[in-house]
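In the block that follows, a single chain appears as structure tokens, in the form predicted alone.
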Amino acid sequence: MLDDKQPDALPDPLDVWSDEVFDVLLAADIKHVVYVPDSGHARLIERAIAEPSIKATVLTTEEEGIGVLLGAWLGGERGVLLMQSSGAGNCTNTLSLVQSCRFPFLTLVTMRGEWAEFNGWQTPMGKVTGQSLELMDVKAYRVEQSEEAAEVVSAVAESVFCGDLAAAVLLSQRMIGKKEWAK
């Protein structure tokens, strides 16, 4: 007799690296995850909301997250800002807080305006995200392959929180997958 059960579905590749990165954030003692909703970060956001040891805060704009993370740091806690590359442009003025106050700043940035981009408005900022962050003294590290994400985030988080540095991990659009208009 044949078994009527379907084989277990393979895990979504986006969920695999996102879960690995989330575990890195837990290991780095992250207590605050601040974010503007983004499908590339959806799994990380879901995990942060569900995790009792983390305060997940939805933002109306990315630059608000810098102030929240500064406040968290002054209160003795670590945090991370999740944003899309277009949001990095919104943060330019507020990143002066990171420079002036020299507090540890970690952001994970899903890239747009790259591979298979359908929205031309995303392309200009996608081209200059890394350079824009670097001009504001935020070191940018790029991840092209999902299997590299957890290792890079771990190394960058250690550098940020042990050295009072500012850094961004740029997650390539190809890695997070093609985005499409909802039908």
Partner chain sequence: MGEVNSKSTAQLERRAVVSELLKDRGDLLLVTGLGSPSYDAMAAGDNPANFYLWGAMGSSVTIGLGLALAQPDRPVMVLTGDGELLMGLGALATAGAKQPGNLSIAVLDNERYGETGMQLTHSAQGVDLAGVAAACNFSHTEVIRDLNDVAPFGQRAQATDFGVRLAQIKIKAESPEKVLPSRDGVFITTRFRANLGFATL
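Residue numbers count along the first chain shown, from 1. Being a predicted model, the structure only gives us computed values, none of them experimental.
What comes next is about the form predicted together with its partner chain, which does not appear here.
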| query | finding |
| --- | --- |
| All of V24, D29 and L133 within 4.5 Å of its partner chain in the predicted complex, heavy atom check | no |
| Contact of T57 with its partner chain in the predicted complex (heavy atom, 4.5 Å) | yes |
| Partner contact for G67 in the predicted complex: its partner chain, 4.5 angstroms, heavy atom | yes |
| 4.5 angstroms heavy atom contact with its partner chain in the predicted complex for N90 | no |
| Distance check, D164 to its partner chain in the predicted complex, heavy atom within 4.5 Å | yes |
| Any residue of 65-94 that, in the predicted complex, places a heavy atom within 4.5 Å of its partner chain | G67, V68, L70, G71, A72, W73, L74, G75, G76, E77, N93, T94 |
